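A single chain comes next, written as structure tokens; it is the form predicted on its own.
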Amino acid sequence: MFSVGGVVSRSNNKFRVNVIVDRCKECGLCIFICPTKVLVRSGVMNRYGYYPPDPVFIDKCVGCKLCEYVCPDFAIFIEKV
């Protein structure tokens, strides 16, 4: 995992999950919708007091982008590596 400018990124050599930490309002939709349960609630607050998702189980990511599509704050996006 690395964090640059408020973005947390993890890669599994196929896909990279990027979370823009300060955009997240902790709605939990991305965590709920992920079919392979890649995302978990972070233990670290963003500057607004919310706990953004953390792609802890990145090896399970299949690049479906459901988390990206469901996020109302555009706080998460997936890249093909």
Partner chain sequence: MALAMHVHPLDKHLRVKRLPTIFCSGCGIGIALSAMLRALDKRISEGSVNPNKVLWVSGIGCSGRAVLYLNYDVAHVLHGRAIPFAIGAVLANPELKAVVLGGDGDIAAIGGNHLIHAAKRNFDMVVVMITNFIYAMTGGQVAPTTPYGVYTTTTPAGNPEYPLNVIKLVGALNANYVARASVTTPHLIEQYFYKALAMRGFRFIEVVATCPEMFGRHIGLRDSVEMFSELKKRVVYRHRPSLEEAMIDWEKGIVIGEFVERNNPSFIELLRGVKK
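Because the structure is predicted, anything quoted here is derived from the model rather than measured. Positions refer to the first chain, counted from 1.
Note that the form predicted together with its partner chain isn't included here; everything after this is about it.
A.B. asks: Does P35 reach its partner chain in the model of the complex if we count a contact as any heavy atom within 4.5 Å?
C.D. replies: No, P35 is distant from the partner.
A.B. asks: At 4.5 Å between heavy atoms, is C61 in contact with its partner chain in the model of the complex?
C.D. replies: Flag for C61 set to no.
A.B. asks: Could you tell me if K25 has a non-hydrogen atom within 4.5 Å of its partner chain in the model of the complex?
C.D. replies: Residue-level check for K25: yes, a contact with its partner chain.
A.B. asks: Can you tell me if V56 lies within 4.5 angstroms of its partner chain in the model of the complex, counting non-hydrogen atoms only?
C.D. replies: Residue-level check for V56: no, no contact with its partner chain.
A.B. asks: Can you name the residues of 51-72 that have a non-hydrogen atom within 4.5 angstroms of its partner chain in the model of the complex?
C.D. replies: E68, Y69, V70, C71, P72, in sequence order.
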